[in-house]
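In the block that follows, a single chain appears as structure tokens, in the form predicted alone.
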Amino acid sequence: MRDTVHHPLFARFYARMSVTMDAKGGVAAYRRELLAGLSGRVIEVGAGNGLNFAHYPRAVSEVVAIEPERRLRQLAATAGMRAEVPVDVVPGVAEALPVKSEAFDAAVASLVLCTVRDLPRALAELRRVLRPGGELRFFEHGLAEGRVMATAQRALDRTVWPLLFGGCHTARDPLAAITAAGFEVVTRRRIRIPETGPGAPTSPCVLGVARRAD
């Protein structure tokens, strides 16, 4: 059966690049910050090659990790077997999560909202599967605050960037989308990856916590 998402070349590139960014770009520390203090049942969308799994606290009873791309899903399954918490890696897309409503204490969106085809629908699904008061932990790149970079991001999104980078869009505004989807942003901080040196269209990031508003 054909996968809903199929980016074999990008998957190979991402699998290598993400490991390098964790080790040398400081991303691993942001993953730890993102997941600190979680407990109970967690759903992670767009789990990629499973680099978050090593950072889940032991208070987490289960992680259901959704990944649509076959190669990345296989890598995630291997990473899940090494994790200190139970991880179940399953196929699926963020816009149609194959799980029951209000079944999770927390949801994790980590460097994935840039690639979903329908961002409002994906966030509506995350809200659906969270229990009332459940948390959405987010770590995403998005629209730059500076005018010059933001203009460049929009131009790239209209042309080559999504084709080269697995459907990624650099000019989305994750904070605005999360708020519009019915979440209350509790904490947030803007970061730059890498912290120093030349920037890239994906350098402006935001990391924070939102809560399902009822």
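Sequential numbering from 1, following the sequence displayed. Keep in mind it's a predicted model, so treat the numbers as computed, not measured.
The protein also exists as the form predicted together with a small molecule; that form is not presented, and the subsequent description refers to it.
Shown alone here, residue 31 lies within 4.5 Å of the small molecule in the model of the complex, counting heavy atoms only.
When the small molecule is considered in the model of the complex, residue 46 lines it closely, a heavy atom lying within 4.5 Å.
For residue 52, a non-hydrogen atom is located within 4.5 Å of the small molecule in the model of the complex, even though that partner is not displayed.
With a 4.5 Å cutoff on heavy atoms, residue 5 counts as touching the small molecule in the model of the complex.
Put simply, of 94, 136, 75, 87 only one has a heavy atom within 4.5 Å of the small molecule in the model of the complex, and it is 94. Though the small molecule is absent from this view, in the model of the complex it lies within 4.5 Å of a heavy atom of just one residue from 83, 144, 112, 129, which is 112. The stretch among 60-68, 35-43, 148-156, 180-188 whose residues place heavy atoms within 4.5 Å of the small molecule in the model of the complex is 60-68.
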